[in-house]
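In the block that follows, a single chain appears as structure tokens, in the form predicted alone.
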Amino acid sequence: MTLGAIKKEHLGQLVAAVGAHGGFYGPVLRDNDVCLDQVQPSDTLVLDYANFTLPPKGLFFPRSEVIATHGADGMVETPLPTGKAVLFGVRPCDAMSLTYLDKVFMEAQFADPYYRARRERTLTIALACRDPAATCFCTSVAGSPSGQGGADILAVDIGDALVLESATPAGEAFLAEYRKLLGRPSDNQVKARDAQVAQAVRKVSSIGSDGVTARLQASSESAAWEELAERCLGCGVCTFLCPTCHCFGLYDEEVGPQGRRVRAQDACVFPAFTLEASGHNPRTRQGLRMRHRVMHKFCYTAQSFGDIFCVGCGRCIVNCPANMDIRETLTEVPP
């Protein structure tokens, strides 16, 4: 474990130093909203935010991307991404979500070369939560507002400075490389960090998720799914904003005499997602689609990967146009 500290007023120097060797992505203001984007020289890092609307998965698993083109010379694969990048300021829940996506795109039988290339070239610095939102429930799904899972470095905001702690060898190497900008924290700064961490944990609500996988498995035939689905619009907001949802489709498109193969994010809540070429659809009702999404996140991934694919970020709660709450769903569906 290596510790470091940097005054907030000196963050611009770190951004410039890192940016000279690769991309630096962090929380910046875009159209009156704080989002994760490549930091430009005119940008100022924003640290007092709840979370980004869009999760960081889009940097590794884009909404859509061309993976190959084809024409008279045959099919040509898109070159793999190159160059290093630093991802700064993601919340611990989002950093943890990357470990789940890793299981799908890097550790599974069919590893994804594009996702792997982006992940392996990126160092992630998580920023611990100071004031978790009322919709956050990370501690109920094996997370923490100061968790280090998926992060190479954890930064804690203590007011006028950030205290950093390495979580991986890559994080230690980063702190060593920029040690001239990152001084060692004082004892008082370390105490302030520990107090801040403890305070944030106390603010997170709990949903009592013990045994949720077994309970949901027993509820597959419950009529409650159809009742809940009467409120669901099937818009897909919850899936596209979820940091761990990873459904996608592959499409061949013609562009004049050329063609291209595109991978695009998809959602299991859409009727066409399971529509077969024969015209048969095994999930014709919204209740079946809603059940599948919840079961996949809390049951099927636990069976396949050993983890519930929910990090408690609350995006699906905050942004649902029908005011549906996944925490209520987990308690309203009886076994």
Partner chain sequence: MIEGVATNPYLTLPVTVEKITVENDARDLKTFRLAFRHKADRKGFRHECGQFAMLSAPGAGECPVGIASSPTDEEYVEFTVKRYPTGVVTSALHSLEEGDRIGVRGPYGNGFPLAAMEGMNIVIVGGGFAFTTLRATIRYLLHERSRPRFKKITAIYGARSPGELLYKEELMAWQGSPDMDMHVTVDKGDKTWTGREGFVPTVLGEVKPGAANAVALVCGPPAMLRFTMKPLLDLGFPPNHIITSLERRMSCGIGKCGRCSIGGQYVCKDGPVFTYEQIMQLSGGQF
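Numbering follows the first chain given and starts at 1. The shown structure was predicted, so the numbers you read here are calculated from the model rather than taken from an experiment.
FYI, the form predicted together with the partner chain isn't displayed, but the following is about it.
- E77 is the sole member of D194, D131, E177, E77 with a non-hydrogen atom lying within 4.5 angstroms of the partner chain in the predicted bound form.
- When you look in the predicted bound form, the only residue of C35, L47, L288, A68 with a non-hydrogen atom within 4.5 Å of the partner chain is A68.
- At the 4.5 Å threshold, heavy atoms of T284 stay clear of the partner chain in the predicted bound form, well away from it.
- When contacts are judged by a 4.5 Å heavy atom cut-off, E276 counts as touching the partner chain in the predicted bound form.
- Contact annotation: R263 falls within 4.5 Å of the partner chain in the predicted bound form, judged by heavy atom distances.
- In the predicted bound form, no heavy atom of G83 sits within 4.5 Å of the partner chain.
- For the three residues Y100, E120 and F240, a heavy atom within 4.5 Å of the partner chain turns up in the predicted bound form in no case.
- None of 203-211, 182-190, 112-120, 167-175 except one has non-hydrogen atoms within 4.5 angstroms of the partner chain in the predicted bound form; the exception is 112-120.
- Along 203-218, not one residue places a heavy atom within 4.5 Å of the partner chain in the predicted bound form.
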